[in-house]
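Below, in structure tokens: the form predicted on its own, a single chain.
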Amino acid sequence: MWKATGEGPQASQNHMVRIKPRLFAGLDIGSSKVSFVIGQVNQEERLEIIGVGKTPCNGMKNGVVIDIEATTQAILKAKEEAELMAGYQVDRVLLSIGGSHIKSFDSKGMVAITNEEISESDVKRVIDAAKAVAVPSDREVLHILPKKFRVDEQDDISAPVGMSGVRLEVSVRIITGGHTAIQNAVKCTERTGLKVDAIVLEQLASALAILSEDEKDLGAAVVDMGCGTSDLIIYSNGSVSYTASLSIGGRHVSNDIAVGLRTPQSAAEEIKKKYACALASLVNEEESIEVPSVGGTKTRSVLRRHLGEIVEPRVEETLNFIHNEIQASGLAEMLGAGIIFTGGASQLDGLVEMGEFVFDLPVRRGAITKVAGLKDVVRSPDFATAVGLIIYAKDNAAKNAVVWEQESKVNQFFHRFKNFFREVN
């Protein structure tokens, strides 16, 4: 990136200086695709998307790697596509993780305040006390998310530093994942030459990309609807209060279409994306679509309304599962901002309308508005998690050291070229 030190666009080239950008990369490995996003912090300290890559992937199922080689190749292809667009190479990344192996639970901690006034070290000590719980050896802790603090008799405190008191308590949400599932995802990533700087819960990253602070305070549920799973995260009073993962997603709708219309799986997926609607009543009764037959025979004409009648029961079942999970959390009455859908499977026509009927709450699709640059490219819900990862990286750069600087591909080429001749001579 070049920055002019003179004033205005007519600044002389003599006043041009080379500035290395602060780069961030986010990798989202899903059950049907891999998304890779590269961002940089611009001169206004705003996150700017400069590279995007997306490629199909069949190496994951329900958040678990089932084919190391296929997953590795998909990551490599998405990475190279994003690097080509950005004009920079990256060697570090934040990785999302999700699926049915993710579990979370509440924990509490309490410490005595050392100097009558709460300091950052007191907050760290009380969080350490809260996370001092037995975790099975086959699980890894991903996040310790503070929900609320208590100072003596004062409750529901969000920022206790500087307050006076004798006793400090905290309630946290501890999120864990299966050790094997996490390590295999990391292994696939590292085989492409990338170092994993941090592992972030998938729906947490998605929520960072689409939720405002007001919505978090008011209470909101984000549902990341993927190919194989639907991942839920609930915010109340500004903090994460609940997470869950349901083993049902867009693939189940595609399977129903393939069976109901007697068409190949690949064709069913395309038909779902182009023509499917969650509510059959919203479809024109006279509209028809062409459906490929199994075995390569000629296509057939089918009423689009019939497709809607196949899709509607499955989508209703999915939303009812999500509704039951929200009810089980005990937080359904605290969702003032309603339900926000994201993820590839959330793009289905009629989903929002059916959601309003099932949940009896405000329902919308999440929109990514917190970034500049290629924002039109990443507007699709497919990229919510990957964009959320680089937002997480920027927000946590100082304390987690997840920022790095890279030179452009051109400069890297010349450095390698120069070093080669040094070695020859």
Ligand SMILES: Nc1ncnc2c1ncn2[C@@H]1O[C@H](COP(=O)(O)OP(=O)(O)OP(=O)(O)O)[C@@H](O)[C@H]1O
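From 1 onward, residues are counted along the sequence shown. It should be emphasised that the depicted structure is a prediction, and the values quoted were computed from it without experimental measurement.
Quick note: we don't show the form predicted in complex with this ligand, though the next part is all about it.
- Segments offered: 269-277, 126-134, 176-184, 163-171. Contacting this ligand in the predicted complex at heavy atom distances within 4.5 Å is 269-277.
- This ligand in the predicted complex is approached by Arg251, whose closest heavy atom lies within 4.5 angstroms of it.
- This ligand in the predicted complex comes within 4.5 Å of no heavy atom belonging to Gly39.
- In the predicted complex, this ligand lies farther than 4.5 Å from every heavy atom of Gly355.
- Within 4.5 Å of any heavy atom of this ligand in the predicted complex lies no heavy atom of Val93.
- Lys33 is the sole member of Arg379, Lys33, Arg364, Lys370 with a non-hydrogen atom lying within 4.5 angstroms of this ligand in the predicted complex.
- Proximity to this ligand in the predicted complex, taken as a non-hydrogen atom within 4.5 angstroms, holds for one residue of Gly308, Gly219, Gly228, Gly109, which is Gly228.
- Taking this ligand as it sits in the predicted complex, the stretch 192-210 comes within 4.5 angstroms of it through a non-hydrogen atom at just one residue, Glu202.
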